[in-house]
Ligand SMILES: Cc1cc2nc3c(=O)[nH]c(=O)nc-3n(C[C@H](O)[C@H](O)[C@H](O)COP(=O)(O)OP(=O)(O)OC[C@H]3O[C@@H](n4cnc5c(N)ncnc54)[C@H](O)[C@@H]3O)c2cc1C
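Let's start with one chain on its own, the form predicted on its own, as structure tokens.
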Amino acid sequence: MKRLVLMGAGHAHLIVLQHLRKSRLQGVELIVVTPSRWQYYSGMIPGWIAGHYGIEQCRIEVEPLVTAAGGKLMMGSVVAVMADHNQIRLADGQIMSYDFLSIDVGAKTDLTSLTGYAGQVISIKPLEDFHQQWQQFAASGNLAEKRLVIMGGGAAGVELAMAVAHAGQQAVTGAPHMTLITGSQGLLPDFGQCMRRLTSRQLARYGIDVVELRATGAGQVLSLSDGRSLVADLVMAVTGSVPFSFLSDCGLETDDSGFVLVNARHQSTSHPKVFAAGDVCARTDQALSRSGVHAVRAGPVLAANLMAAMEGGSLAAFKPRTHTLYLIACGDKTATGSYGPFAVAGKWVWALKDRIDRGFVSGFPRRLEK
């Protein structure tokens, strides 16, 4: 019997498991290894902070889905991949062999710029830790008296800033003083001018200071590239992604940053029995932004390729769309949206985002099937 190991329960693997519910693998042992019983859906976390969702609405329970797909869930963290030997090692020392391996473990927040910072920092990844740490900070005292700095001017940083601002406005105590540091690339660098303009207006409406400079941490102070300094009660890091350290010596070919190199079929360029999707990988044929949108859309192709690989069939390429619909929540049940160069804003955009997000999470089983 062949063994397929899904390492991690990221968005792409959730879609793979959905497909395996419908097309059970014959003669294959399916094992999913993940450190948490939950997979948090990143698209809804800002809505949770803003008070629009309970946390149970923003996460998917992994075990019911694994069971429905005919697999076995193993709780644990992978600390090593020995690709040359078709094995992985877990934190408890257990070594597991595989015939085929698929990696979807995400990535860590890049905290390089905060290496020398001694103040309180919480990072957006992993989301389960972020959930707990934000709860603790929010309950630690009067938020209106806090100075909050969000580092990262991409979509995630912008959404978090507006979610916190809205939550503060709804609270008796009020919102914290907030600064969004985008870096020298500016606000929403991967989006068009119209989207940046619409989102900038929303940030200004909340009174969020936007600083388009680089910042580094030293002691209790954040130093800006123009020589100014900031003092914060909390820094929320949304500063891009770096791969997990164990990937650096796993035997798999990686790019210069350490992400697993894959071809258009999301198959390792050095080890054909290994596949990867989501933030953990980099494609050789084209650059893909590390977005949940791409991970979800890659899921069906990854599922088909894993089944084909175990049966000796041909593999298909995942072809991302030229333009992708992006929706950014603005805290107060409004949103901005972009598709290529076009951008819109309003309550109806939030309604669309809310329907898409709720539909995604509700599409997974929530209890063990008997």
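Numbers for residues come from their place in the sequence shown, where the first is 1. Source: prediction; values computed, not measured.
The form predicted together with the ligand exists for this protein as well; it is not shown, and the discussion that follows is about that form.
Practice task
Name the stretch, out of 65-73, 339-347, 320-328, 301-309, where some heavy atom lies within 4.5 Å of the ligand in the model of the complex.
Solution key: Careful reading of the contacts points to 320-328.
Handout entry: Contact label in the model of the complex: residue 58 to the ligand, heavy atom within 4.5 Å
Key = Residue-level check for residue 58: no, no contact with the ligand.
Practice task
Look up in the model of the complex whether residue 128 has a non-hydrogen atom within 4.5 angstroms of the ligand, and give yes or no.
Solution key: Contact check for residue 128: yes, within 4.5 Å of the ligand in the model of the complex.
Handout entry: in the model of the complex, residue 42 touching the ligand (heavy atom, 4.5 Å)
Key = Within the cut-off, so yes.
Practice task
Report yes if any heavy atom of residue 292 sits within 4.5 Å of a heavy atom of the ligand in the model of the complex; otherwise report no.
Solution key: Heavy-atom contact with the ligand at 4.5 Å: present for residue 292.
Handout entry: Of 87, 223, 270, 77, the one that lies within 4.5 Å of the ligand in the model of the complex (heavy atoms)
Key = Filtering the options by heavy-atom distance leaves 77.
Practice task
Heavy atom within 4.5 Å of the ligand in the model of the complex: which of 137, 246, 206, 100 fits that? Just give me the one.
Solution key: Here the answer is residue option 246.
Problem - Neighbours of the ligand in the model of the complex among 103-130 [non-hydrogen atom within 4.5 angstroms] - result: The stretch touches the partner through 104, 105, 106, 124, 125, 128.
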